[in-house]
Ligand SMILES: O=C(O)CCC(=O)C(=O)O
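The chain below stands alone, shown as structure tokens; this is the form predicted on its own.
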Amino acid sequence: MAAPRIIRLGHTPSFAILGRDDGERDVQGWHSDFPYLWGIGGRANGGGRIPVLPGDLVLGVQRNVCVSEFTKVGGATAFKLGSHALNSGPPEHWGTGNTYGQRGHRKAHGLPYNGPDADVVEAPPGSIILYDSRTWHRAGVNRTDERRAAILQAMIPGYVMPFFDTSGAYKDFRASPLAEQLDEHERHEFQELMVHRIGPVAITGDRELTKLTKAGKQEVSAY
């Protein structure tokens, strides 16, 4: 019997484009990626969706494709290499995503930590940077006139709910002429990555409900 498919995309692949820094614009703080979101999941206890626990269960791997050249002066991502093994989020004094997510914080307080423990990973165009989602990192500062671009992909086990609903993007793709360019095997692989299911039932988001709750309305009660 074939092994079960267990890997899914945590969100639709997306572009991250970084233009030239003007010395004042808001910047990204230190954080860990989905599904952990340590440092960016809210204010309480450093934020995050996965509790800080002992052990070495990897619940996410991040895959960044460097579309343009990644250089230190051009805004390459800064990492704390090996921080995944600490199994905890970045310290507040480094400047977390929660802190730097506040409008105007960079202008008032300067850039996040960029000392000797911050490891900038440089890479040529077309490179793939693959890392444990627990790894502390942040976008660099682009001091050039060339835009720094990457394609971001969060890889998660099939039993973890995605960060963003991928069902809409999957249906749009299937309805496009591009879908006909894939063979049967490729279409199956794409479906497995994009569609989250329990048995035969696809799990999707409710856009109307999302809008209602985001607007602060109380039409839904949780018990």
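Don't overthink the numbering: it's just position in the shown sequence, from 1. The structure displayed is predicted, hence computed values, not measured ones.
What follows is about the form predicted in complex with the ligand, which we do not show.
Q: Heavy atoms, 4.5 Å, the ligand in the model of the complex: which of 157-165, 27-35, 187-195, 174-182 makes the cut? Say which one.
A: Result for this chain: 27-35.
Q: Indicate whether L111 is a 4.5 Å heavy atom neighbour of the ligand in the model of the complex.
A: So L111 does not count as contacting the ligand.
Q: Looking in the model of the complex, any heavy atom of S68 within 4.5 Å of the ligand?
A: Looking in the model of the complex, residue contacts with the ligand do not include S68, since no heavy atom lies within 4.5 Å.
Q: Does the ligand come within 4.5 Å of any heavy atom of A139 in the model of the complex?
A: Because a heavy atom of A139 falls inside 4.5 Å of the ligand in the model of the complex, the answer is yes.
Q: Since only the chain is shown here, I'm wondering whether I203 would be in contact with the ligand in the model of the complex (any heavy atom pair within 4.5 Å).
A: No, I203 is distant from the partner.
Q: Pick from R106, K80, R134, R148: which residue has any heavy atom within 4.5 angstroms of the ligand in the model of the complex?
A: So the residue touching the ligand in the model of the complex, by this definition, is R148.
Q: Name the single residue among A123, L86, V120, L152 that comes within 4.5 Å of the ligand in the model of the complex, judging by heavy atoms.
A: Among A123, L86, V120, L152, a heavy atom within 4.5 Å of the ligand in the model of the complex occurs only for L152.
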